[in-house]
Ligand SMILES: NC(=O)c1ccc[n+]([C@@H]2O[C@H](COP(=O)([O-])OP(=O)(O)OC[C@H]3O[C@@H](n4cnc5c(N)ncnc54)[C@H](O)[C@@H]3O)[C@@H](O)[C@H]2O)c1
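Just the one chain here, the form predicted alone, laid out as structure tokens.
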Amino acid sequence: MAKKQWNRREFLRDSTAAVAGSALAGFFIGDARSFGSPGKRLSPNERPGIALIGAGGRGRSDANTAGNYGDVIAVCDVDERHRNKAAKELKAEHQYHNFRSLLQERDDVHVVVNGTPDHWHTLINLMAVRTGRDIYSEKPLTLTIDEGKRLVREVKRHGTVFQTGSQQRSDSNFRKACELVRNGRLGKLKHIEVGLPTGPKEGPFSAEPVPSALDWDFYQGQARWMPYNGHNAHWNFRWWYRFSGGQMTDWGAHHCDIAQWGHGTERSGPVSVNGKEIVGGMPGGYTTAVEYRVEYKYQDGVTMTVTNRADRGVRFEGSDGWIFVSRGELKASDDSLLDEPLSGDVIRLYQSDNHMKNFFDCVRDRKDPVADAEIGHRSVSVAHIGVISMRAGRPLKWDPEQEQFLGEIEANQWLSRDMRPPYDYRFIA
């Protein structure tokens, strides 16, 4: 199937739009606690209070793990079914419909676990930062690049301990692969191949009654309103551009993170991008790309391809061979590339063997965790500019330092989007 051509009106309508005001609105400060301030340490017997915001399956899983290091005090979700299930499973005493009430009222919450859909991450994370909480937030970290820039600034300003849920950074196989590449085991790095899942192609869908337990307007938040159809909430939000970026941002946030970690560009990014949607979504159904191919180039000449393929993972290709890593698999063109120990002046990467434990250790010692806010932002930025190029239908030049497209007035508008009132930055003011 030929790719769908997106004109400017369709693009702005369904995804990004003209930049909403560049200045951050004033935010609620309230009774911001000093618990999460830099230099404040927990005593050995103190367990931080935890609030789960976004109590679907992934959020509950994160909170269950977090419960090994603190006490889950409250759960929050706009779906009463999720709230009730999470409160029972996590033995949380308090339930909230609105995260603002939770963050304003509870001075016993020190850590927020954010398991909401992508389009809600930033507003919740920003308010949690402003009210003095440390944060474990699911990936992909943001819906737009502008959101990520704002979040990174605020996390640094407030000294927040922030862990992005890119748990592959706490897997020894991924760390080993990246360490080997960073230490020249492959000779000169030439190309990175990133394999992601194929997206679903389903629809068209008809409108259905909204379940009585779900606040559908609140769930949609900043996104352009659409009728509920039973396929556009909870797990399936991923396949709608108004809420997410499809597999490019969902799995792409994981594997692009590893690609840049091995390349040494985890706080930077590529200088050009050329995305192609090979098979698009179904009219009246899911809107994100089903099959796709995105080509990137970095300042040092290294190229990277992100595409849907069966062997999902990251393959680093150099002058002396290749290394492939995925969940549960690490292999190379020659076993000696993996087996021979590194010697000399070795680059050692951040070692974390338990992603949640790493976060809570950092809550106590006020150090940066293995997947801090800037890393989470830069990882998904690679995916975001790929989606923009793919939907715009043309190659684009990218400035990773300024985080904008070069000579592209229109494309730079797509780095942000209009936020549906009242769910804009004023919502947390």
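This one's a predicted model, so the numbers in the text were calculated from it and none came from an experiment. Numbers follow the displayed sequence, beginning with 1.
What follows is about the form predicted in complex with this ligand, which we do not show.
Scanning 134, 118, 257, 147 against this ligand in the predicted bound form with a 4.5 Å heavy atom cut-off leaves one residue, 118. Though this ligand is absent from this view, in the predicted bound form it lies within 4.5 Å of a heavy atom of just one residue from 234, 267, 309, 357, which is 234. Using a 4.5 angstroms threshold between heavy atoms, residue 78 counts as touching this ligand in the predicted bound form.
Under a 4.5 angstroms non-hydrogen atom cutoff, this ligand in the predicted bound form lacks residue 277 among its neighbouring residues. In the predicted bound form, residue 82 approaches this ligand with a heavy atom inside 4.5 Å. Proximity of residue 218 to this ligand in the predicted bound form falls within the 4.5 Å heavy atom cutoff. Heavy atoms of no residue among 178, 182 and 326 are located within 4.5 Å of this ligand in the predicted bound form. The stretch among 385-393, 65-73, 360-368, 48-56 whose residues place heavy atoms within 4.5 Å of this ligand in the predicted bound form is 48-56. Residues 121, 124, 138, 139, 140 of 121-160 are found to place at least one heavy atom within 4.5 Å of this ligand in the predicted bound form.
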